[in-house]
Each structure stands twice: as C-alpha cells, then as structure tokens.
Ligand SMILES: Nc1ncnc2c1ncn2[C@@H]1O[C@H](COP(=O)(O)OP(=O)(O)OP(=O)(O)O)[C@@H](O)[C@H]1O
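One chain is shown next in structure tokens, namely the form predicted on its own.
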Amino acid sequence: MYTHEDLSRLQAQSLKMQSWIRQQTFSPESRKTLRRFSSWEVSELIFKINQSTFRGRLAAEPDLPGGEVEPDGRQRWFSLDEINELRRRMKINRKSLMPPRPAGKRAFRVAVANFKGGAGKSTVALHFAHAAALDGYRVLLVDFDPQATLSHSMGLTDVAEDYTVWGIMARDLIRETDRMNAASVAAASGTALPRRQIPASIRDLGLDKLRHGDFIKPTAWSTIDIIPSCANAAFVEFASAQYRHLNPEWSFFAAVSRYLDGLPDEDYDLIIFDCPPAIGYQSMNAVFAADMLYIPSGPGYWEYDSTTSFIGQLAEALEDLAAFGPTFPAGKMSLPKAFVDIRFLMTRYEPGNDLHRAMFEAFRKVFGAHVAQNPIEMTRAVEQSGRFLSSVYEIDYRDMTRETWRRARASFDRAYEEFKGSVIAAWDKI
C-alpha cells in the first residue's frame, strides 16, 4: 500500500534528478544565460536589412555597439541589449527600427489556452515571447500552469508558491475583503453590515503587504520578465474554493486582472499568459484578464475534438460569470467578458502529411478567419528545443545544420508575424 508519504519520497527523488538535469541543460551554476546573435542574424533575421548595409553602418558610425568580433574577424556577435541599442539609434531609409505600439495604450494581453495537454501552449508562449523580444518589445510572461514548463524554460526553478499566481490571488482576496468591509462600515444607511472574516492562517502570511514588483522575476532575456509558477502552486484550485467560501462576494476571476491593472502602462508592451490544461480558477483568471485568446491545437482528430470541448466549456464558464452583472467589481475589465480577437493556431504540423493537411482544412472550414494561416511545423530543431527547455531562437545555429535551424525558425517567424499583425490590429480596440 502506498500513502502520501511514499508520494513525497518519490517527489524528493525526482527533485534531485531535476537539479542534475538543470545543471546539464543550462550552465554549471544552474543559471540560464542568453547567447549572442551573429551579425547575419541581426541584420537579415531581426532587422530584416541587407547584411552589407548593416556592416556599412557599423563601419561608418563607430560609436554604435560593435559586438564581439570572432578571432578571424569574419563575424560579429551581439547581445540582446546591444541589439536594442542599435534598434533605438539606427534608421534605415529614414525608417525607425522600433516596433509599432499604439500611443497611450497599456500592454496588450494574450492568453495561450486549450483544454488538452500537449497542444503546444508553453512552446507557443515561449517562442512568441522570444520573437517579440528580438522584435524590440518588452514582454511580461505569466505562468498559470503548475507544471511550470514555461518558468523552467525561462531559467526559473527555485520559486516559492507565495510569488506565483496563487500569491496574487490570496493577496487579492485579503485586499478585496478589506475594501468590502470598509465599504460596509461606511454604508449610506449608517448601519454597519457584518464583516467578512479572513482567518489568521491566510492573513498572517503577509501576502497583502507584497508589492507588485515582488511577483515579477527577471530572466536571461533582459526585456522579458516573468511571474513564475511552481509545482507547489497546484493546490491553488483547492485553496481558491476555500477562499470563495470565506467571501462569496469576492470576484475571484478578476484577481490577476486587478493586479495587472496596477502595473504602469509603459512597463511592458505584451503580456503573455501560459494557461494550464484545464478550466479552473487559474485559467479563468487568465482568460478574464486577456484581450486576445490564442488557442493552439495539434493536427489530429482528438486534438480537434478536445479543442471543440474546450471552447464549449469555456463559453459556459464565461456565461456563468456574465450572470454576476456589469456592476460586479471586476477591475477595469467588464462583464460580460469580451475578447478583441480569438485565434486558432495549429501546432506540430507536417506539410507532407495528408491527415495534417485535411485537419488544417477542417479547422479553416469550421473556424474560418479565426484560424492562423501559418501553422507551427514539426521539425527536428523544434523537437530539440523542447528537450533542452530552449526556444529555436535560443539554440545556436552552429549546433546543427543551418538549414534545419532556419526551417524551424522560419516556421516560428511566420507564426509570430501573423500573431503580431493580429495584436496590432486589435491593440487600438482595448
């Protein structure tokens, strides 16, 4: 017979292996670092200009960042900070290299969500974040998934549950309950209403004293921050049910949205959510806070079936929230919940596979213009990026044949450019 003690022992054994894997995957110090990018990548793949034009500008303006030069002098390698400095200071044909961003708007929020595990949610969130950073955007990732794949891929492993989405929700419960109690005391009738009680076991954690920045962690990418997750955050579903019982009037689904409302508009350009493969308290927080819903799906029938179930159950859950009414306290978002755009993205796609092509056409026939026209292709480089908890953008093309690397990158580049186009078209509507 096996009890919780046996499960704890097995977890302890696994944690030891995780530590060893991290050392092999990242660096001797178990700390992930970001590689430099060659002048070929910077010019043709990032700035999208001719390499000779780029080299000519560097030669003509020696005060520009010059990167590190290879011993043979053939190639320069630039850090992300140097790339962004070049982007700010260079113009090509009098055109800025800075990415488009509507003036006076807050960061645009995208939830990458689906009901089925293995649909590629973390892979899509990771690659879109890295592509956006190389495009000049400042990105905040929010990992809602207790599996914490996105957090681990960004190099964060030792995370306390207080500083995850669970901590944000518990903090919001305390603050919202105190706000309601204060409003009850100051009721116009002059009659004090019953105070809602938060037990000491929750209040004494001190989460209500945490500042916004306490939940945000830097990563190896200087323009990407993350609100990480961890395995211990899995209990958030049970805790949230308890919290709702403590204060039935607490709009639990708006906790993360209220938190994000408190961030300065200029801190980030994009906020990307990686959602768990279930509809629960965490995923409802993600979709409620999102401006756009991005739904990845594999190319098989079961993935299509699962995606259909997901949007149906999500519709029912959002309909239930709508019953709270437009006056229910939900931060700057309003009820009923509305998305500026909804997109479906096919992942693990093989162009030469008849079944995959048929499923892609089925998606387009059913969901029409909501289907992204550029699926994520399955290549050896994509498989390798998953094994090593890195994106294709992080993998050095010298570690494999350049053509294999370029094919994988081109697939994500096309998907990102379409994603970016959808975001820019929707940004003005928020």
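Just so it is clear, the structure is predicted and the values come from calculations on it, not from any experiment. Residue numbers here begin at 1 and follow the sequence given.
There is also a form predicted in complex with the named molecule; it is not shown, and the following applies to it.
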Candidate spot G120, Q147 and R348, all three touching the named molecule in the predicted bound form (heavy atom, 4.5 Å) = yes
T379: touches the named molecule in the predicted bound form, heavy atom cutoff 4.5 angstroms = yes
key: Contact label in the predicted bound form: E383 to the named molecule, heavy atom within 4.5 Å   = yes
inquiry  = So in the predicted bound form, is the named molecule close enough to K116 to count as touching (4.5 Å, heavy atoms)?
reply    = yes
key: in the predicted bound form, P277 touching the named molecule (heavy atom, 4.5 Å)   = yes
message = Please identify, from 168 to 176, 258 to 266, 121 to 129, 72 to 80, the stretch that has a heavy atom within 4.5 Å of the named molecule in the predicted bound form.
response = 121 to 129
